[in-house]
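Single chain ahead, written as C-alpha cells, the form predicted on its own.
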Amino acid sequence: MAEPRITFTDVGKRYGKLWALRELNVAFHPGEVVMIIGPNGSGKTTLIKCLLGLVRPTTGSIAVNGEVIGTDPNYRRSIGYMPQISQFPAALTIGQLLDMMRDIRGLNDAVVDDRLINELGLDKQLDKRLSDLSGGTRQKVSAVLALRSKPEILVMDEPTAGLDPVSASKVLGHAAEVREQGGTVLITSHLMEEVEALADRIAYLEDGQLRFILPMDEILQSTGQQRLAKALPLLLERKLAAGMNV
C-alpha cells in the first residue's frame, strides 16, 4: 500500500476541561474514500478542523504527505474543503467569488476544473449576489470551490445536505473522480444511504475516540446486511457484547 496521505498520531484536542478528541491514531491513504460517522459531539468536526489548521491539537501531530503540519498554511493548497455551512462575502456575485478564489489559490487554466459549474446550472447564475442565494445554491457554490482545483485531498462535511438528488449525485460523482485520480476523500454525513456506495472504509467516532475504522465490504459481510444503516447497529452491538467500549 502507498504511504499514507494523512496521518494522525496521538492527536487530542481539549476545549477547557472537555476533550473533543482523544489519542486519535489513524491514517488515510491515496485512492480511497473514508466516510467518518458518529453521534453529534463525537469529534468529527474537530478532526476536520485540526486537519485544516482551523484549530491546533492539544496533543499529538498531523502529517500530510509525510510532513508534520505546523503554522505554515501552504499544505492547504492541496486540500479542497466543502463545509456544511459556507460563509461567503454577501456583496459579491457567484462569478466574482469564483474569480477571487481562483486568484487567491493561484489557479491557471491547466489546473482549474469548472465542469461542475455547468453541471449544477451555476453558469446561468454567475451574476447573482451571494446574499440572495438559497441554501441549496450555496451548497453548489461550495462544491465547485472545493473541487475546481483538482485537490489531492478532498474534505466534505455533510456534502449532500440541502442538495436535490440530481445535484447530490453529480457532486459525489466528482468526489469519486478525485479518488480515481489517486486523491484522498474524507466525508462526514448523517445520510449514509447517499454516501455508502462511494465509501471504501468507515471510521466510527464516539466521545472523541476512534472506535473502529473498517472496510465497507467487511462491515456488510460480517453482519450479513446490504446497507450500512442496518449493518452498523449490529456491528456496534457485537462490539459491546465483546466488551469494547463503543
Partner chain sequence: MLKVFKYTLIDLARNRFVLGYALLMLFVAEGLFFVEDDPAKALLSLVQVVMALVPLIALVFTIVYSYDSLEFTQLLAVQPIARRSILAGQLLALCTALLVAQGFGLGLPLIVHLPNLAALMLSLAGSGLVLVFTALGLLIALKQREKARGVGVGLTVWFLFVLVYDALLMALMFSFSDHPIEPYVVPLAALNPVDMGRILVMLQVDLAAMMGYSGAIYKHFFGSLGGIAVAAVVLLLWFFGPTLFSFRTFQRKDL
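Residue numbers count along the first chain shown, from 1. Predicted, not measured: the structure shown is a model, and the values here were computed from it.
What comes next is about the form predicted together with its partner chain, which does not appear here.
Listed residue that, although its partner chain is not shown, lies within 4.5 Å of it in the predicted bound form (heavy atoms), from 126, 111, 101, 161: Of 126, 111, 101, 161, the residue with a heavy atom within 4.5 Å of its partner chain in the predicted bound form is 101.
Contacting member of 122, 168, 153, 97, with respect to its partner chain in the predicted bound form [4.5 Å, heavy atom]: Selected option: 97.
Whether 8, 44 and 66 all lie within 4.5 angstroms of its partner chain in the predicted bound form by heavy atom: Judged in the predicted bound form, none of 8, 44 and 66 sits within 4.5 Å of its partner chain.
Heavy atom of residue 73 within 4.5 Å of its partner chain in the predicted bound form: Yes.
4.5 Å heavy atom contact, residue 136 to its partner chain in the predicted bound form: Contact check for residue 136: no, nothing within 4.5 Å of its partner chain in the predicted bound form.
Distance check, residue 49 to its partner chain in the predicted bound form, heavy atom within 4.5 Å: The answer is yes: residue 49 has a heavy atom within 4.5 Å of its partner chain.
4.5 Å heavy atom contact, residue 87 and its partner chain in the predicted bound form: Judged by the heavy-atom cut-off of 4.5 Å, residue 87 is in contact with its partner chain in the predicted bound form.
Options 179-187, 206-214, 29-37, 50-58; stretch whose heavy atom lies within 4.5 Å of its partner chain in the predicted bound form: Result for this chain: 50-58.
Residues in 2-32 with any heavy atom within 4.5 Å of its partner chain in the predicted bound form: In sequence order, 13, 15 come within 4.5 Å of the partner.
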